[in-house]
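Encoded as structure tokens, the following chain is the form predicted on its own, with no partner shown.
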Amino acid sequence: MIAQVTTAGAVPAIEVREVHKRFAGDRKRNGRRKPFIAVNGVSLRVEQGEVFGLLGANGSGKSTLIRLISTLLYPDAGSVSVFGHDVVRDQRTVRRLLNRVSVEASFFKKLSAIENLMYAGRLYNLSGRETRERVVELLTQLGFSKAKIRAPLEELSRGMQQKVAISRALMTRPKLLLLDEPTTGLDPRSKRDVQELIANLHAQHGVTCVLTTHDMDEAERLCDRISIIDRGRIVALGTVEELKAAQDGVQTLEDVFFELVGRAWGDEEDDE
């Protein structure tokens, strides 16, 4: 677990209040679609400088919640604010304060890492010189050699590609980084590299991070606090020690999860 660097009395990085979000379902009842409730009355607060974990089975609502925070979706009811800015009213301001890394980052695979990031820099309205300097700085910090920086993305490992995705998210120097299963599908070495990158970002720059993951060891290692979401509701929130203490006889975070959720990770459809 990383030492927390919150500021007493500061505006929270994220505040979610009684948020609801539902979608039209595929199944029909009496000729009508049955709505799927993805987020059901969720409230939580993430402090500045915190690494906050969001755990849940596929279909639990965690990815929908990340999209609501990042302004990709709007809540049907309730409110979400990022550093005091409402995600609906202050959408542009919120987008300047955060960036997001997903499990499947999209790239131009025939282009190199530096070419992909230079293109992203234009989308972020960064100058060419500023972008090039920032790209080289970020990729060098992540262990890219000159050859790797200029190699086509399709020739790089998944782990290296995910580092490029994180570099792209860091180009705007966000105050909030949303990491939606960033290590899923990576080999053990690449997974450890990305985990160390997240830890270093937090330690060196105090970036607030929200991490969704299926890896209990990863959550325990990186997160100051953890929230468990099930069927769109928060069923537990606290430090790892607090979560374990609240469940009699459990020894691991995985035990806590199964005590609260009572089913395997893959028993529900993904909420993506």
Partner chain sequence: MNWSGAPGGMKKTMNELAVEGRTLYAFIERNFHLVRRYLSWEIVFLFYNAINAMTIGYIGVNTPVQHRNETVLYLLIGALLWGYLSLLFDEVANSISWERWEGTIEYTFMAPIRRLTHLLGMCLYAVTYGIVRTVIVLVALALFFHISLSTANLWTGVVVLVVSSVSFMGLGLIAATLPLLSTERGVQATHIIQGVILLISGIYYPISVLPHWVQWASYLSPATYALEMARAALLHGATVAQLAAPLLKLLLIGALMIPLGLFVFVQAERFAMRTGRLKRNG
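Please read all numbers here as calculations on a predicted model, not as lab measurements. Positions refer to the first chain, counted from 1. We call the rigid core the largest set of C-alpha positions that still match within 1.5 Å between the two forms.
Same protein, other form: the form predicted together with its partner chain, not shown, and the subject of what follows.
This chain lacks the partner; the member of Arg95, His85, Lys148, Arg192 within 4.5 angstroms of its partner chain in the model of the complex by a non-hydrogen atom is Arg95.
Of the candidates Gln161, Ser79, Thr184, Ser112, Ser112 is the one whose heavy atoms come within 4.5 Å of its partner chain in the model of the complex; the others do not. Residue contact check for Arg225: none of its heavy atoms lie within 4.5 Å of its partner chain in the model of the complex. Put simply, Val136 is far from its partner chain in the model of the complex: not one heavy atom of it is within 4.5 Å. Of the heavy atoms in Leu73, some are within 4.5 Å of its partner chain in the model of the complex.
Not displayed here, its partner chain is kept clear of Ile198 by more than 4.5 Å at the level of heavy atoms in the model of the complex.
Contact check for Pro188, Arg231 and Gln251: none of the three has a heavy atom within 4.5 Å of its partner chain in the model of the complex. With its partner chain left out of view, the stretch that reaches within 4.5 Å of it through heavy atoms in the model of the complex is, among 231-239, 217-225, 40-48, 60-68, 60-68. Scanning 112-127 for heavy atoms within 4.5 Å of its partner chain in the model of the complex gives Ser112, Glu115, Met118, Tyr119, Arg122, Leu123, Tyr124, Asn125, Leu126, Ser127 in sequence order.
Superposition on the rigid core between the shown form and the other one places the CA atom of Asn116 2 Å or more away from its counterpart. Comparing the forms between the shown form and the other one, the C-alpha position of Leu97 differs by less than 2 angstroms, with the core used for superposition. Once you line up the core between the shown form and the other one, the Cα of Arg158 ends up 2 Å or more from where it was.
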